[in-house]
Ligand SMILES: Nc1nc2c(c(=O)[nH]1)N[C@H]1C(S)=C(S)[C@@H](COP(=O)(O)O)O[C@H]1N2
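Single chain ahead, by itself, as structure tokens, in the form predicted on its own.
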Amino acid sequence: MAGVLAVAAALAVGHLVAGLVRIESSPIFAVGDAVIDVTPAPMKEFAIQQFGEDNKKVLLASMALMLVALAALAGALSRRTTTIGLVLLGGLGVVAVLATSTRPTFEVTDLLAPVLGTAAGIAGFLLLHRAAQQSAGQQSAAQQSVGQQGESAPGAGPAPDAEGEPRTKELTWEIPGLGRRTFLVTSTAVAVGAGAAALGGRFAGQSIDVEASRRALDLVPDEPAPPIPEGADFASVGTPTFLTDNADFYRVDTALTVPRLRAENWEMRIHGMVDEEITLTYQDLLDMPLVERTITLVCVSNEVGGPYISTSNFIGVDLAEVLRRAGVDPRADQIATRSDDGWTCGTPTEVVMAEGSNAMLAIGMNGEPLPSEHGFPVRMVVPGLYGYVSATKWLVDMELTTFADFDAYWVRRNWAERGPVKTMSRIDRPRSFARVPSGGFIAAGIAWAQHIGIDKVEVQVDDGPWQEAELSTEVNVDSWRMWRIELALDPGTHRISCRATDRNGNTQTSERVPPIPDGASGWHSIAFTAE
């Protein structure tokens, strides 16, 4: 218990200090971010596939369990000396300092959290160890006292029991002093203090009132998106609604804690290979023509048939127009962007600057300011590219450079430099292993070929012929398209597959490959039973 509570105190005090300085410097977050950075890409993909958007919670819970196990072991081995416990705490402090100091957004004041947290942990451990020794000493003294009293008492010793055997004196209720209560009182005080520090760190870390900043904004686009036409989805038979609610929009990123930025304090520097370096504020964006565009975003981590695809009406400013103000050097083939938490992204310049690219600096989603989890105050949106090369959230820096001179976060981890979205389709109805009525049955799903458009979707049942599905009303080539088809199903087990063909005549390949290095491919197939 001494080991566990000491580590808890170290983390809690570090979190409290971080909340007062900069929440990203909290030891648990700094070490967690470092773990994410050094984890091989296949393991990250496995975590995303197995745990989805909860993968960060699983990481933090795993770290906590590991720390509890180490702390308990170190405490158990420290019964006679504090050496092992102090070595553990000191080692954890060194790890936290190294993790904090190597973060891309490191500031010297960030070291306060791991240093003071480690000091608190060491002090707590020494206090608890001393209390435990005092308790043991009191118990030993009590036992010796009882023994002496038994020897010096008048008579021949303890009274015999009913069978004539000497009665053994019970020590539990006769130990003078506090005994173990000394340790329990001390440990309770440390636990309460650690809990208070952790809560204080949480509240301090949320002291930047992002929601008040969001509520103060009223985003009215100068160029609204066209209304979503009737028949744009087949939600009544199992597809998603055409626009995804903000609360349901997929989220995949590396941020353990969501950056908290206020719009009125936001600014972004555009520099590098430009004619004139400029710095934009949020008000600068509001003063530009605001456009609203209906765009589908898809994550490169999306497996065949995966959930990481959503559509929104994004509000923002035209990114190509912003870059023209700075003047782009023709040799700059990459736009390197950085998030407030230090994550980096590299986007092909030619894609953004192409006529009709619809690339945006987005500040709103579905009629409201960006939610904090989706990049408030400002994020990038570039149709036709996977998010890892196009969709920087919490955007604070933009540099015009070249692919030869800069490797972004995921490129350094062996992902492709350029990530064009592949032509794909997905089955939403029926679900895997579902039981459906035999006879006439409507299957449905979605397809996407961003910046190109979907020409047709075909469906195959078992080994039968490919049948062309009915497509929903097209909204634009930058968003998904729904499909449905009525099938005649005999009773029994079946397998349904789908494939899409885009406007360029490219049909979705049957070759099944995983997301690494440039996105998954293959036909989506579902096994189900008709009865």
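Position 1 is the first residue in the sequence shown; the rest follow in order. Keep in mind that this is a model prediction, so the values were computed, not measured.
Just so you know, the form predicted together with the ligand exists too; it's not on screen, but the next bit is about it.
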{"property": "Close approach of residue 297 to the ligand in the model of the complex, 4.5 Å, heavy atom", "result": "yes"}
{"property": "Residue contact check: residue 428 to the ligand in the model of the complex, 4.5 Å heavy atom", "result": "no"}
{"property": "Non-hydrogen atom contact residue 254 with the ligand in the model of the complex at 4.5 angstroms", "result": "yes"}
{"property": "Interface membership of residue 243, the ligand in the model of the complex, 4.5 Å heavy atom rule", "result": "no"}
{"property": "Output flag, 266, 315 and 376 jointly within 4.5 Å of the ligand in the model of the complex, heavy atom basis", "result": "no"}
{"property": "The ligand in the model of the complex: contacting segment from 280-288, 76-84, 388-396, 225-233, heavy atom within 4.5 Å", "result": "388-396"}
{"property": "One residue of 341, 110, 292, 458 in contact with the ligand, assessed in the model of the complex (non-hydrogen atom, 4.5 angstroms)", "result": "341"}
